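For reference, the chain that follows is the form predicted alone, supplied as structure tokens.
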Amino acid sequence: MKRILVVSSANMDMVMNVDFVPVGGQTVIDKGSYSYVPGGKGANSAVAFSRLGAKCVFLTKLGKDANGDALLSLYEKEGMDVSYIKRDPTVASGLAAILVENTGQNRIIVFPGANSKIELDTVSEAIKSKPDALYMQFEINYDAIIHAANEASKAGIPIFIDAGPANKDFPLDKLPEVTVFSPNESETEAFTGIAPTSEEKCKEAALKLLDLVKAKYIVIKLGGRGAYIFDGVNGVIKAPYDMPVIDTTAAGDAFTAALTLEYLRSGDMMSACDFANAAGSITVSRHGASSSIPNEAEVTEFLNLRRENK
């Protein structure tokens, strides 16, 4: 069983379902179904790793509040190693406000809270536990990300980065070489100025990303168009599986976690992308964040059915 160290964020999500997002000065009525659900890009990925067959070691920071209590309880129930989750009584747990439109498309506003207080000493301790891989996103304090990446690199631990949310101020040049660097469409455009609207534009953007960060693979998540895999020379778009889109929340997190785990198990990026596309497709067909992420048996059954029906 692969052991994955996730150094990333944890949030409580307040989810509202609307016909469309409001413009300035406009009020839109919720469709009577708001809810509080566990989320955060890091936590979603950690749940995905746990459900897809990895031993997930989750390093994050929570407030000493009711949301923090609920989130920690969930991670324990998911079977994660929570040894490196710290609590801070001086700051609230992370919170995200999510608007989900009729199309399943979401808009997210994040209050980082305790996520911005992750300490470097805790990161160093976790790296010393010798995981099979380090997995991160950009929803926590940047010094913790840079420190974790460099400590992992020194220890020979492969690094996988889901590059969201994008911020042009992030010092990508301070990252050591990573195995996978994976932004979505808007993040790709934010980092490169290039919208990956075609295969040609995907390659152009991937080459620009390789000027910014050293990576074995660039994987651009294209939403309903699948994912673009680039190895520095050749690129290909891997189409997604056709599923009804109910809610896209956590789909990217599930995709990149699944890609990471399957690549570590198989060493084959193309099969890893198939597995990730299946995980992401199932996730968008369900409501919620971490609650929508499938387990390994569901993904395997999904892929077997698709292969039988070809």
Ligand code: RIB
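Numbers follow the displayed sequence, beginning with 1. Nothing here was measured: the structure is a model prediction, and the numbers come from that model.
What follows is about the form predicted in complex with the ligand, which we do not show.
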{"property": "Contact of G280 with the ligand in the predicted complex (heavy atom, 4.5 Å)", "result": "no"}
{"property": "Contact label in the predicted complex: N44 to the ligand, heavy atom within 4.5 Å", "result": "yes"}
{"property": "4.5 angstroms heavy atom contact with the ligand in the predicted complex for T60", "result": "no"}
{"property": "4.5 angstroms heavy atom contact with the ligand in the predicted complex for T249", "result": "yes"}
{"property": "Among the candidates I159, L175, I108, A190, the residue which, in the predicted complex, approaches the ligand to within 4.5 Å (heavy atoms)", "result": "I108"}
{"property": "Position in contact with the ligand when the complex is considered in the predicted complex, options L72, A96, L99, A144, heavy atoms within 4.5 Å", "result": "A96"}
{"property": "Per-stretch contact check against the ligand in the predicted complex, the hit in 207 to 215, 80 to 88, 190 to 198, 108 to 116 (non-hydrogen atom, 4.5 angstroms)", "result": "108 to 116"}
{"property": "Sequence-ordered list of residues in 131 to 145 near the ligand in the predicted complex, where near means a heavy atom within 4.5 Å", "result": "E139"}
